[in-house]
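First, one chain by itself: the form predicted on its own, in structure tokens.
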């Protein structure tokens, strides 16, 4: 029976993917800050889901994560789905700090802990580290500077980790999943975003990218085209564009 741990599973994409795999009979470990929400999800598939309250910004995050691996009885896949970000044109330092602590510090802690686990069990079975990043890492976005920069960090870190695994002979796949706009609580807006996707539409595509061990996957095909064109915009033109993510 396959085992997956999803960090950031109390709502949105993480919650949907957790219930999808539990319904398929996988053993699923779910983690987030909100224990009440984790319990509600566990009650849906009590035989297949185990929970652990983990705040990725806390000093005990790695210890709690390793405890969840032990409780689950191992980990074939990690999906890092935790994340936060705001439009912050005033550069509020409190918002920036929360974004960096989750998207950079917390991300690095959990991904490193997963890599260490797979390195220690390299001779047992192939491991897999997947993270939901964002197309926002394509360019620096003025109104969401810290968010877009944090996503670029995640892109680069996963690329570096993939290289490190090759150098060290660690049998682990690395998947960087870059969605466009998905209708999740993180958007926190009543307005409709361009090319916005529902969770029901995006989640199966994210799952497919992970199970196929894609190195980089943009969700969906429309966003793959948009992000490819996005990269080609010269900096002199980019600074004149008003982009809101």
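Residue numbers count along the first chain shown, from 1. The structure presented is a predicted model; accordingly, all values stated were derived computationally and were not measured.
Unshown form predicted together with a small molecule; subsequent notes refer to it.
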Distance check, residue 227 to the small molecule in the predicted bound form, heavy atom within 4.5 Å: no
Heavy atom of residue 57 within 4.5 Å of the small molecule in the predicted bound form: yes
Residue 51 within 4.5 Å of the small molecule in the predicted bound form, heavy atoms: no
In the predicted bound form, residue 130 touching the small molecule (heavy atom, 4.5 Å): no
The small molecule in the predicted bound form: contacted by all of 29, 175 and 215, heavy atom 4.5 Å: no
Location of the small molecule contact in the predicted bound form, chosen stretch of 88-96, 143-151, 159-167, 113-121 [non-hydrogen atom, 4.5 Å]: 143-151
